[in-house]
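Before any questions on binding or motion, here is one chain by itself as structure tokens, the form predicted on its own.
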Amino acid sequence: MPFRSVKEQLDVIKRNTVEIIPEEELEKKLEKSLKENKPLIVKLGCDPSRPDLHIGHGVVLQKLRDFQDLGHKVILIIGDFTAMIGDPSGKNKTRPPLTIEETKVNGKTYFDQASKILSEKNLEIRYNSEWLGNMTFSDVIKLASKYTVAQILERDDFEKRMESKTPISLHELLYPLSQAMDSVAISSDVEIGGTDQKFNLLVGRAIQEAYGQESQCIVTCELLEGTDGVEKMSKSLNNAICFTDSPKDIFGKSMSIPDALIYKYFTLGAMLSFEELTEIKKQLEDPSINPRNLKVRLGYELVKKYYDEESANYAQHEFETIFVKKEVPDDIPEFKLDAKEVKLVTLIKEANMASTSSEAIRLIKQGGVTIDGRKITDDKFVIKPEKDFVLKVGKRKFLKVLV
């Protein structure tokens, strides 16, 4: 496939990006690529310590896909070796390191999920233990000599930890240098990352130059807030829409985002076209249109992106059945109750509708539990069923209890 013009490529690359560092260098790389008919090598470093991907990760993965569609070669670097160090980025203490075996398993999971966005064409997967694991102590000393302590300590999170007198282990200072060696190992032309990775990406440029290579260009992408509208999306904060979520959960979580984030989710999450986004913006500015209707569209688009159109239609139908028509879905799981009576808390826990008894008690007290549509707020309630019934926990969990 012939490469598109430099201007056309830059238009695609700039979409949904925060910075290109430096843009003029990237333009020259694209010109050289076009002249020599040779694809650029585009890198993304992947952290296998958190293998559950969410639509926030989808922003950088989509940018990788843009480069793939432009004909360039994409390399996913699974940081199995660097995960044993633990990247402190954005943390106030060291992230717990993993074993090499754990990183291999997580790396495979990462790749399987990333394939929802990336094409197998022009894609290569590498593990950085391939080169970092073979470095001698002499090699490490040589690498460390290429960067100063003052430069490393410019990293924001290190500065904050020093000010708060939070310990910084010496091995943590090697993390940005180790990640930079990934760029040297594959001679990357471009590296992509979130804005929170800017420091590490810049170190990669410096270390490539120190090892006699042409420095990579950097493309940073915006971070996506979670469904709470406050913190950066993270599964650990329970505010993420994950690739592995069911269509029903993706749709339901989309309906829970703050109105102020609707446009951003359409832009970075659903990745709608410019024309579609223009229409969404008009609707958001129209006081006669309920934002809820746009969230329905958002849920549909996200399910369609990460599953398919059939799943999107079903998820929307199920949502409208439960929340608009106040009906019970047709297809709900069943649970056989053998005892003649059972505590409601026990049933919720044993049916895996809550992870702990305390969570079940909280849901009951908050009015989030119904039996055949009747709200139960007594956490000591005992069920003595005479016939099958439907248990609803929270907004989206249904269970048909058979007696």
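Not measured: the values here are computed from a predicted model. So that there is no doubt, residue numbering starts at 1 and follows the sequence shown. The term rigid core refers to the maximal set of C-alpha atoms that superpose within 1.5 Å between the two forms.
What comes next is about the form predicted together with the RNA, which does not appear here.
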For this session: Decide if the three candidate residues Asp259, Thr356 and Leu363 all line the RNA in the predicted complex, where lining means a heavy atom within 4.5 Å.
Result: yes
Exercise. Which of 197 to 205, 162 to 170, 271 to 279, 146 to 154 has heavy atoms within 4.5 Å of the RNA in the predicted complex?
Worked result: 162 to 170
Problem set entry | Contacting member of Met255, Ala185, Leu123, Leu174, with respect to the RNA in the predicted complex [4.5 Å, heavy atom] | Met255
Seminar exercise, completed: Only hit among Ser119, Asn313, Ser234, Asn290 for heavy atom within 4.5 Å of the RNA in the predicted complex is Asn290
Exercise. Going by a heavy atom distance of 4.5 Å, is Val345 a contact of the RNA in the predicted complex?
Worked result: yes
Problem set entry | Phe319: touches the RNA in the predicted complex, heavy atom cutoff 4.5 angstroms | yes
For this session: Using the partner position in the predicted complex, report whether Pro51 sits within 4.5 Å of the RNA, counting heavy atoms only.
Result: no
For this session: Verify the contact flag for Gly394: yes if a non-hydrogen atom of it lies within 4.5 Å of a non-hydrogen atom of the RNA in the predicted complex, no if not.
Result: yes
Exercise. Core-aligned, does Val369 move its Cα 2 Å or more between this form and the one not shown?
Worked result: yes
Exercise. Rigid core fitted, is the C-alpha displacement of Gly212 between this form and the one not shown 2 Å or more?
Worked result: no
